[in-house]
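Encoded as structure tokens, the following chain is the form predicted alone, with no partner shown.
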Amino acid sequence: MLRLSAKDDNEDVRRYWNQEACGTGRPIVGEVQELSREWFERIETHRYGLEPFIHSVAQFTRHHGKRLLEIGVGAGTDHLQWARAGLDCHGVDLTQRAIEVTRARLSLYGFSSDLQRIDAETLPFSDDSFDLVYSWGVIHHAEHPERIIAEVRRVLKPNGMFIGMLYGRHSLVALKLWVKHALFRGRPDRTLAEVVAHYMESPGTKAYTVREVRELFDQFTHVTATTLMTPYDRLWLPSWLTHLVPDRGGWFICIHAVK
């Protein structure tokens, strides 16, 4: 796997995501005014059109009244759902861009959150501070995901829950990357982990097996890790082929972990 120094990796990741908050690209929002209601609605429609299962994994409305920390708020789409569901919302992100977009989004809909731009490998919160920590597709971009997970456990209250998603290495997405960037380039010796680190989003992106996810969360009392097939796995492949692949070949590993 691609390995960079912690400083360089964090700065490269920050620069990558500071260009635009995740899910806010021109193909999604078109020419509408940035930070307008229509701009945000297009982002939300696109996100939940591709990933409708976020609602069944997060179960936003079942956590009313809880104190929430979201790690990696992105464009604030999920953060808005937590606010709408009546949670006491707090959020952190590596980039100032995400903080500004999320703050603008919540304000537009009449909500607020304590939002901070920080590196989540060191969270500025006391032990046992939150009922719920949420992070969807973010922690695998960190140089040291295990440090973030240790921090998650520290700031969770006893019996508090982490809900989130990490990328799955034994997936059609990773396999397609390997075919394109390893096999077709005469480098079949390159591993799935290496091509994900080099060619999936920001530098050093990681992807896991279910067993590795369980090992990451081994200090929690109860962990479920469920792999989901996604539209990204099915992209550019015939439907008959993807229907033959079980969910364990999917790109998303959804996690519920109780402290």
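Predicted model only: the values in this text are computed from it and were never measured. Residue numbers run from 1 along the displayed sequence.
Here the subject shifts to the form predicted in complex with a small molecule, a form of this protein not shown in this document.
Proximity to the small molecule in the predicted complex, defined as a heavy atom within 4.5 Å, singles out one entry of His63, Arg214, Arg190, Arg47, which is Arg47. In terms of contact with the small molecule in the predicted complex, the residue from Trp178, Phe162, Phe130, Trp136 that brings a heavy atom within 4.5 Å is Trp136. The small molecule is not shown here, and in the predicted complex it never comes within 4.5 Å of any heavy atom of Leu183. Though the partner is left out of this view, Thr95 does reach within 4.5 Å of the small molecule in the predicted complex, counting heavy atoms only.
A residue is said to contact a partner when one of its heavy atoms sits within 4.5 Å of a partner heavy atom; Thr242 fails this definition for the small molecule in the predicted complex, lying far away. His141 belongs to the set of residues with a heavy atom inside 4.5 Å of the small molecule in the predicted complex. Exactly one of the stretches 153-161, 107-115, 168-176, 69-77 approaches the small molecule in the predicted complex with heavy atoms within 4.5 Å, and it is 69-77.
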